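Next up: a single chain in structure tokens, the form predicted alone.
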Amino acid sequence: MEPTKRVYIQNFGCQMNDYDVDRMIEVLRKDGFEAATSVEDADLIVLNSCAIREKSEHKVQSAAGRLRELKARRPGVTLAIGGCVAQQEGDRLLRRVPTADFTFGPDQIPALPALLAKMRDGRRFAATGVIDVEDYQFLDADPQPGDVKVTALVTIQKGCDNHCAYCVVPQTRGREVSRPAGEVVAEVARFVALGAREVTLVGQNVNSYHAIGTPDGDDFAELLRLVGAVPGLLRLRYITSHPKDFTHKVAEAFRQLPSVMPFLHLPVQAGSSRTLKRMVRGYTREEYLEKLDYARAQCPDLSLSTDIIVGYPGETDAEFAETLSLLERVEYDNIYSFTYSERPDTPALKLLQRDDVPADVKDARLLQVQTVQRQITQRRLERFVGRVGEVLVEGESRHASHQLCGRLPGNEMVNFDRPPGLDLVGQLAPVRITAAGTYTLTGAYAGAARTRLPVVSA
């Protein structure tokens, strides 16, 4: 019997990367690997990279640098860099990271065993190349008993055709390809059969899903209906949505489909129509707000999150002020905010060369955005205090072993004391919210868990 091989994967980036990591583990398990608890125990180390922001790329290179001593002590350890940076940079990345043995893109995950076999000749190589969307095959999840948590990710679409001026996704993930609906439904059913109670459908732009051919062209709304009907699935979410493609029919799913949770991540990026035009986002401030207003009309207690970029080339003080006013107008529950990060081979670089925003101005604007949003988030969380909501219990809290944690339908995290003698993991538990923290809620167990409870009650 061959000795057990161990793999350690450090992940950077989005939910698509999270999904890819699970598929890597499944592919490598079939090749005789099991998961290592640390890099020290691993025979294979994979750094799964993200190319969306420069900071993420630097994190991968720093992580690879920290492994130099380990590689010197254990020459047999293989270090691979996967993900979007690897897809984009290939041989250039190998030259910058001498500790890496090979690189591979997201589409090469099924070929990992073959790539490892190729390593036996001792040569370093980049296994990335042109993304072939014509022959693209989605890798079906193959979860085993014990692998599946209360929540699961299921990919429905990859790639992007929007070509926003600052973004490298079309280069690293390719053109849009949608997964057949039958495969999506079957994969959701497999996760539910093994214990998942909540599924999040993921893609670079889920709203552009187009594999069903509904008469009105609103395929994603139909996919939500099909997935929502899977027996045993309690909650359904999705991410990420592009505002340009977010339709009224998709918004109406919040009202029509009980399993679709009242949470929407709709990245606006900027509050000024002029900035949005330079970003090539395909919508105006007014069009974005109309879509949000319609969604909130369908679901008045809808929780919202978004992405904000400050300091985009050419952003004036007046344009930045429009972003601040948008935050106050919408009152997001949460935002992900960043300074503009220049990415290679993107159209925004031409703007940057003639109209950059000074670094200190970018930093000041980011701080202002985060300060304003922190106050809004606090107000939004405080609306739950004194109410009883259903919490899908995910497991032990990271803050204290005597507490459990889970999420309300709107995706708000709740920590509450573990009731003696009760195993609530995977159940919907009534929790009375007693306090609002900076980003999370605290509560107390309020009675017997049931299959389904009202979303929230006074």
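Only a predicted model underlies this, so the values are computations on that prediction, with no experimental measurement involved. Numbers follow the displayed sequence, beginning with 1.
Below, we turn to the form predicted together with S-adenosyl-L-homocysteine (SAH), even though it does not appear here.
Against S-adenosyl-L-homocysteine (SAH) in the predicted bound form, would residue 338 count as a contact residue? Criterion: heavy atoms within 4.5 Å. Output for residue 338 is yes: heavy atoms within 4.5 Å of S-adenosyl-L-homocysteine (SAH).
I'd like to know if residue 240 sits close to S-adenosyl-L-homocysteine (SAH) in the predicted bound form, meaning any non-hydrogen atom pair within 4.5 angstroms. Contact with S-adenosyl-L-homocysteine (SAH), yes.
Give a yes or no for residue 267: in the predicted bound form, does one of its heavy atoms lie within 4.5 Å of a heavy atom belonging to S-adenosyl-L-homocysteine (SAH)? Residue-level check for residue 267: yes, a contact with S-adenosyl-L-homocysteine (SAH).
Does any heavy atom of residue 52 come within 4.5 Å of a heavy atom of S-adenosyl-L-homocysteine (SAH) in the predicted bound form? Residue 52: contacts S-adenosyl-L-homocysteine (SAH) in the predicted bound form.
Heavy atoms, 4.5 Å, S-adenosyl-L-homocysteine (SAH) in the predicted bound form: which of 288-296, 216-224, 267-275, 380-388 makes the cut? Say which one. Partner-contacting stretch among the options: 267-275.
Counting any non-hydrogen atom inside 4.5 Å, which residue from 191, 254, 332, 166 sits next to S-adenosyl-L-homocysteine (SAH) in the predicted bound form? After the contact test, the surviving option is 166.
Taking 4.5 Å between heavy atoms as the contact cutoff, choose which of 235, 179, 343, 365 touches S-adenosyl-L-homocysteine (SAH) in the predicted bound form. Of the listed residues, the single hit is 343.
For this chain shown on its own, do 108, 140 and 158 all sit within 4.5 Å of S-adenosyl-L-homocysteine (SAH) in the predicted bound form, going by heavy atoms? Not a single residue of the candidate spot has a heavy atom within 4.5 Å of S-adenosyl-L-homocysteine (SAH) in the predicted bound form.
Residues in 103-123 with any heavy atom within 4.5 Å of S-adenosyl-L-homocysteine (SAH) in the predicted bound form: Going through 103-123 in order - heavy atoms within 4.5 Å of S-adenosyl-L-homocysteine (SAH) in the predicted bound form - there are no hits.
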